[in-house]
Ligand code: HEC
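Only one chain is given next, in C-alpha cells, and it is the form predicted alone.
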Amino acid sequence: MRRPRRFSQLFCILLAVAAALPAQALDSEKAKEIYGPCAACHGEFGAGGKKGEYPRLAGQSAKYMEQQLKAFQSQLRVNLPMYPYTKERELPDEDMKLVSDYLAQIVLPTRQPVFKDSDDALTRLLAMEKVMILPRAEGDIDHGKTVYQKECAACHGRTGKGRGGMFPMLVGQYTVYLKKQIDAYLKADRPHDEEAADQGVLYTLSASDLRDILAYLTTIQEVEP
C-alpha cells in the first residue's frame, strides 16, 4: 500500500512544481516581424488608425483575434483587404497564434503619462504614441449603461473587456468601427455568434439604444477588469 501512496505524493509534488514554472516566453522579435505588414494599417502598437477605419488590436483577446484571422483566411468573414495577408502560406496557424498573443499583451494607456525632467524627447514621443484616448460619443450615457449591462454584459463583460476569450473587448475600441460592425451584423454581412439571420440581441435594440451603448462604452475606458 505504501508504493501507490508514495507515487501519488510524488505526482502531486511534480504537478505543483510544474504549476510554479514560468510560462514559455513570448518570442517578441518574431511576433513583431509577423506583425510588420499589419502595422501599416493598425499602427506600430496596434492602436488602429484613420479614426476607426482600422480597428484597435492591442489588448484584444488573443483567442478572439486568432479566431478572426482564421475566419478571414477561410472567408467565413469576408474582408478582401485582409484575405491576402491571412493566406496559409503567408500566415500559418502558429504565426496567427503568436501575433495574437503578442497584440493581446500590449497595454495602451488612456491617460497622458507624467514625465520626469530627465526624460528626453524620444522617451516622451514613444510614450505618447502608446496613449489612446477615444473622444466621447454622443448619447444618453445612463440609458446606454442600463441597456449594455442588461443585454451585452453577459458576453462582453461588465466593463466591456470581453469574456471567455471568444467574446471581444469593446471598451477602448473606436466607436466608428463598432458601429460599422453592428451594421454588418444587422445586414448579415458578418456572422454573429453563430446565430441565424435576423435573430439575436442586436435585432431587439433600437438605433437610439445602440447609439447610447456606444456613448456609454467611451466613458469606461479606464475601468479595470
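Note that the structure is predicted; figures quoted are calculated from it, not measured. Note that residue numbering begins at 1 and tracks the sequence as displayed.
The protein also exists as the form predicted together with the named molecule; that form is not presented, and the subsequent description refers to it.
Contact with the named molecule in the model of the complex holds for all three of R77, C155 and L170, each having a heavy atom within 4.5 Å. Of the stretches 69 to 77, 132 to 140, 104 to 112, 117 to 125, only 69 to 77 has residues with a heavy atom within 4.5 Å of the named molecule in the model of the complex. In the model of the complex, the named molecule sits beyond 4.5 Å of every heavy atom of A58. Using a 4.5 Å cutoff between non-hydrogen atoms, F45 does not count as a contact of the named molecule in the model of the complex. The closest non-hydrogen atom of L186 lies beyond 4.5 Å of the named molecule in the model of the complex.
Of the heavy atoms in A215, none are within 4.5 Å of the named molecule in the model of the complex.
Residues of 79 to 94 lying near the named molecule in the model of the complex, listed in sequence order, are N79, P81, M82, Y85, L91, the criterion being any heavy atom within 4.5 Å.
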